[in-house]
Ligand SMILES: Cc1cc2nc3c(=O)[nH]c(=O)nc-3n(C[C@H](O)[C@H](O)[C@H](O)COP(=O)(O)OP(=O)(O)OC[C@H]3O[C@@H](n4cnc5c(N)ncnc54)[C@H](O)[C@@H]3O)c2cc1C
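Only one chain comes next, encoded as structure tokens, the form predicted alone.
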């Protein structure tokens, strides 16, 4: 974990209410794992008082050394509204990398990825990292779901990796109409991937975890939640699990990525 003064490199709108921001970071982020997150504060401002958490979307290298990262975010409140109005060279207070990420192995073959809305952010980082480490993505597939077409992001990133993709929207404005878990369930009737990685709304993760358990497929889920400190101190982001004394772990410290089999949804 490292706190530093960061600078915005770019802050571009990539969809209806969605932005991608690039910021500087120190070489400590070379050890960051997909699924980990950072917390941000606008330098010199006290409103909002608490830092805000964001998944790492991508690391940026200059030569062999990491010197920047990208965050994909949606404007949902005061802080993200302020953030969306900031531009190149403006300062941010950066803390990270934080939390426990996805397991990354070069022996994985044909993994399955499931992303709901802004949950696609760490999934891109994960897929790119697996490819960089020599994992076999030739049979990899991604399921992306959203309420409308504007919630479907990063199609090009997965296409560039040579991955197949299935898209659903609840209103039918893009891809199949309905929930992404319906298509996923049908896919798993004929295919059994080594592992399923998922990030998105709680209900989606619950359904994915149940499907994986029923078919004895290893599954890791990244749980989205409101966080106050991001360090496991305030104990505000507890989630019930089966494998820890007292029955609860903290999403910011022990997660946000968990083995789906231990989470009590």
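All values reported here derive from a predicted model rather than from experimental measurement. Numbering follows the first chain given and starts at 1.
Omitted from view is the form predicted in complex with the named molecule, to which the following refers.
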Point to revise | Contact residue in the predicted complex, from 69, 32, 227, 209 (heavy atom within 4.5 Å of the named molecule) | key: 227
Review point. So which of 118, 127, 184, 94 gets a non-hydrogen atom within 4.5 Å of the named molecule in the predicted complex?
Key: 118
Review point. Can you pick the stretch from 213 to 221, 45 to 53, 23 to 31, 59 to 67 whose heavy atoms fall within 4.5 Å of the named molecule in the predicted complex?
Key: 45 to 53
Exercise for review: Evaluate residue 73 for contact with the named molecule in the predicted complex, applying a 4.5 angstroms cut-off between non-hydrogen atoms, and reply yes or no.
Suggested key: yes
Practice item. Evaluate residue 150 for contact with the named molecule in the predicted complex, applying a 4.5 angstroms cut-off between non-hydrogen atoms, and reply yes or no. Key: no
Exercise for review: Report yes if any heavy atom of residue 80 sits within 4.5 Å of a heavy atom of the named molecule in the predicted complex; otherwise report no.
Suggested key: yes
Check your understanding: Looking at the named molecule in the predicted complex, which residues in 228 to 265 have at least one heavy atom within 4.5 Å of it?
Key -> 256
